[in-house]
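The chain below stands alone and is given as structure tokens, in the form predicted alone.
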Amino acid sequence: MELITETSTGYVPLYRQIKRLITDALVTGEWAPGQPIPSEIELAQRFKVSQGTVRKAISELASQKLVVRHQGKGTFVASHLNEPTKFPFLRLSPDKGPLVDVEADLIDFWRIKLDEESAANLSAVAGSTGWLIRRILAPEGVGIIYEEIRLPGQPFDFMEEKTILNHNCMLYSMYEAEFGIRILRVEERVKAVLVEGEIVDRLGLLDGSPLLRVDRVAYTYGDQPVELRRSYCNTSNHHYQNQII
């Protein structure tokens, strides 16, 4: 291991270098989602730094939800499988009361050629092989969100419909369990649109109905985009809710 002390922009704190090295190990899959990482003492010995430096690096990783600390058990790689909600980035909430439960129903699943816009968002080559997943999200059993999800051929090269169905169409947990891909953050753009055709038919609405369109790019380790998603949301009895910290 070679630690650096300066870059072209100036000094790099030692704990940030250790954080980068731990993140690199997560990227390469040395420790899989849900698995424990070595103790602070073991990491300090591995990187030849103080335990305090390692602790500071892990604290920052924990604040970014890359790892999770469990008192008396150690530190574990964060996992979608252990999250309290099946849809950790869903921002649609009922106008009254909490969002209790959401089900996902697969419409269809296709191998496609990525168009230029999709490929650009996924850092892929236009015309390269990808996947299209269409599904309906149904809070409290009522379908209110129509989604089109586009994935690059890599790392999802062996995707099958039965895999999606085996995971009850819960995509982020499926990415992690089947492909070792954990979604760390998303970027969204929100726009009100008037919609006709199949989308409103699927949601039981009339042509020209106003819907909230949410365009999302999801990223994994190394800030690599791995999913492009467009959601059409019926906000008659729901609203988009976000929290800025």
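Heads up: residue numbers just count along the shown sequence, starting at 1. What you are looking at is a predicted structure, and each value in this text was computed from that prediction instead of being measured.
Just so you know, the form predicted together with another copy of the chain exists too; it's not on screen, but the next bit is about it.
- No residue of the trio 113, 162 and 170 has any heavy atom within 4.5 Å of another copy of the chain in the model of the complex.
- A heavy atom within 4.5 Å of another copy of the chain in the model of the complex is found for one listed residue only; from 212, 32, 44, 68, this is 212.
- Only one listed stretch (197-205, 45-53, 23-31, 178-186) carries heavy atoms within 4.5 Å of another copy of the chain in the model of the complex, and that stretch is 178-186.
- Contact check for residue 235: a non-hydrogen atom falls within 4.5 Å of another copy of the chain in the model of the complex.
- Contact between residue 95 and another copy of the chain in the model of the complex is found at the 4.5 Å heavy atom cutoff.
- Heavy atoms of residue 39 never reach within 4.5 Å of another copy of the chain in the model of the complex, leaving it off the interface.
- Remark: residue 135 does not count among the residues lining another copy of the chain in the model of the complex, judged by a heavy atom distance of 4.5 Å or less.
- Heavy atoms closer than or equal to 4.5 Å to another copy of the chain in the model of the complex belong, across 104-124, to no residue whatsoever.
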